[in-house]
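Take a look at this single chain in structure tokens; it is the form predicted on its own.
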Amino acid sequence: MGELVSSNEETCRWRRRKEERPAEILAAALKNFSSKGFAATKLAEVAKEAGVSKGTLYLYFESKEALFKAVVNEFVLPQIAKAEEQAEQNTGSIKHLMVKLVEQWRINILETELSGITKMMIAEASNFPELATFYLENVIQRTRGFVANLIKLGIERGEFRQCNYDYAARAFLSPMVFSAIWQHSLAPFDDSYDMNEYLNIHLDIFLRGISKDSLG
């Protein structure tokens, strides 16, 4: 009986380990894509870091491109969905919601490995057009559309002045993109740059500029 119990426990541990493998592979892939970029990331290194063989990795992801898309689906898109849900439940002003969303982005994206994906895509988009299109359609356009709709709603509510809300969304997001790029390029060599202060100033200038009161 003791051997049977031991065997069952071992089987359960094996099953749990097997179920955890995709998540472990994705976590290792995110780390490598963020720090090395897409071209320089080797599947063998991802597999080693995840504690599996390269052959096992291929059981879950047929290519490096498929692995990257899975990383975006697993880690990036839920952050966008979280922001969308927060907007749906918002009962306050659009202005205060946008401040909260930037803070949420700062904590969940900028200060994590996810910020490296932004820099990676900008640096390597021209070399991997299929991935660039995937990222543009699923991340950039969705995020930009979400922010544009918030600004449009703010206009309709009388919080913001009339403007091209699509380009206003681009203006709102651009400093955030810059911060992600800087974080993974020159930030280690420039101790005079405070990203929090930079984003706070950006928010203040943007929201004052778009506010309907700014026309008075």
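What you see is a predicted model, and the numbers here were worked out from it, not measured in a lab. So that there is no doubt, residue numbering starts at 1 and follows the sequence shown.
FYI, the form predicted together with a further copy of the same chain isn't displayed, but the following is about it.
Annotation: in the model of the complex, residues K119, F189 and I201 each come within 4.5 Å of a further copy of the same chain through at least one heavy atom. Using a 4.5 Å cutoff between non-hydrogen atoms, K36 counts as a contact of a further copy of the same chain in the model of the complex. Of the heavy atoms in S126, some are within 4.5 Å of a further copy of the same chain in the model of the complex.
In the model of the complex, R170 approaches a further copy of the same chain with a heavy atom inside 4.5 Å. In the model of the complex, at least one heavy atom of I181 sits within 4.5 Å of a further copy of the same chain.
Contact with a further copy of the same chain in the model of the complex, judged as any non-hydrogen atom within 4.5 angstroms, is confined among 102-110, 89-97, 127-135, 70-78 to 127-135. The partner is absent here; in the model of the complex, the one residue of V177, L153, A66, L59 having a heavy atom within 4.5 Å of a further copy of the same chain is V177.
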